[in-house]
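Before any questions on how it binds or moves, here is one chain, the form predicted alone, in structure tokens.
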Amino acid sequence: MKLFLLTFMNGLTLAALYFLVASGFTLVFGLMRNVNLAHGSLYLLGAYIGFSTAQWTGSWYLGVAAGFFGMALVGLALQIFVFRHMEGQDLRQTMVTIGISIVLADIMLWIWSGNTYQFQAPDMLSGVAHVPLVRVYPAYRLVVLGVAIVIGVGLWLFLNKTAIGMMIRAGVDDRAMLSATGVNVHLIFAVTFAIGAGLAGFAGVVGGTALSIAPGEDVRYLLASLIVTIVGGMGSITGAAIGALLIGLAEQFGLAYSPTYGVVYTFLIMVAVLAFRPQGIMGKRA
């Protein structure tokens, strides 16, 4: 029973981390329809920049800020200099972002080598917490779960209850009509891309503190983001949360009870969703 509860808690906290990465991805890929296969690279680059900043300043919080704002600037540059000139050209976006991810991987390997790094969480966020039935559980993992819930609710309110969020959704549905009303669509999309990329960098620092950062993590989290977005539905924050929850739990229960086939379960979920609900659990038909 204790193994089951621990596995459930691990699945929840892993889902929280997947949601943090995939929430940015679903903004850029699911909502804006920009095929950004360099999203995993933004996660890893944000983690490395945050780690170097934290080592240099001695402050984990400054590392978090550096990871978010550093990747927000990179995302802003990507939108202005790359995606703005390839709107609606999925194949070109795919090929260009694959190339960018390869270049970034080589640059990161050159600067930070192939070593594995891990952040040191602040004292007030580390240690253990007393949880009913499980007894003790790493406090930082519960913090990650809480942060993911706050960011998820914040993004939902931003997209559904604010004027800017409504402009973003209107711009995706009919960009020409929104532009005709005098709204600067390019500025809105650039800000949205920056937020999505910043969330990837933020998740890199948070994930690097809970687990570790090393070469190859970019591909892992890009794949996780893709599966979460496909399962949850394109452009849906609620769908991303449901998708992350399913994938996180499936991965942890698979590793605990049938480690040989643990990874297979996540792909079985994706295949089942594509077979019976191709638009994703919370997605809308095109």
Partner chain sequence: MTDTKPATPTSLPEELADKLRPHHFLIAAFLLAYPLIASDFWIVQIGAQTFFMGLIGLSLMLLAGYGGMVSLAQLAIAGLAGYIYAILGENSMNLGLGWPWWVVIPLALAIAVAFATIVGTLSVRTEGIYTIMITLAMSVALFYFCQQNYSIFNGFKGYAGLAPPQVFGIDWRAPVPFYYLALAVGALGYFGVLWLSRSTFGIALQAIRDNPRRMAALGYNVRAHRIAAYAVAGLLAGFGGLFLVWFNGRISPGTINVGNAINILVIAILGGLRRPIGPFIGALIFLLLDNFAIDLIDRDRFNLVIGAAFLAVVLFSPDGVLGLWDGLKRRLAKTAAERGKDMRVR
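Everything quoted here is computed from the prediction, not taken from an experiment. Residue numbers count along the first chain shown, from 1.
Just so it is clear, the following notes concern the form predicted together with its partner chain, a form of the same protein that is not shown.
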| item | value |
| --- | --- |
| Heavy atom within 4.5 Å of its partner chain in the model of the complex - the one residue of Ile98, Val191, Ala139, Val147 that qualifies | Ile98 |
| Contact residue in the model of the complex, from Trp56, Tyr257, Tyr61, Tyr261 (heavy atom within 4.5 Å of its partner chain) | Tyr261 |
| Stretch in contact, per heavy atom within 4.5 angstroms of its partner chain in the model of the complex, of 179-187, 139-147, 198-206, 87-95 | 87-95 |
| Non-hydrogen atom contact Ala65 with its partner chain in the model of the complex at 4.5 angstroms | no |
| is_contact(Asp106, its partner chain) in the model of the complex, heavy atom dist at most 4.5 Å | yes |
| Ile230: touches its partner chain in the model of the complex, heavy atom cutoff 4.5 angstroms | yes |
| 4.5 angstroms heavy atom contact with its partner chain in the model of the complex for Met234 | yes |
| Contact set, 261-281 vs its partner chain in the model of the complex - heavy atom within 4.5 angstroms | Tyr261, Val263, Val264, Phe267, Met270, Val271, Leu274, Ala275, Pro278, Gln279 |
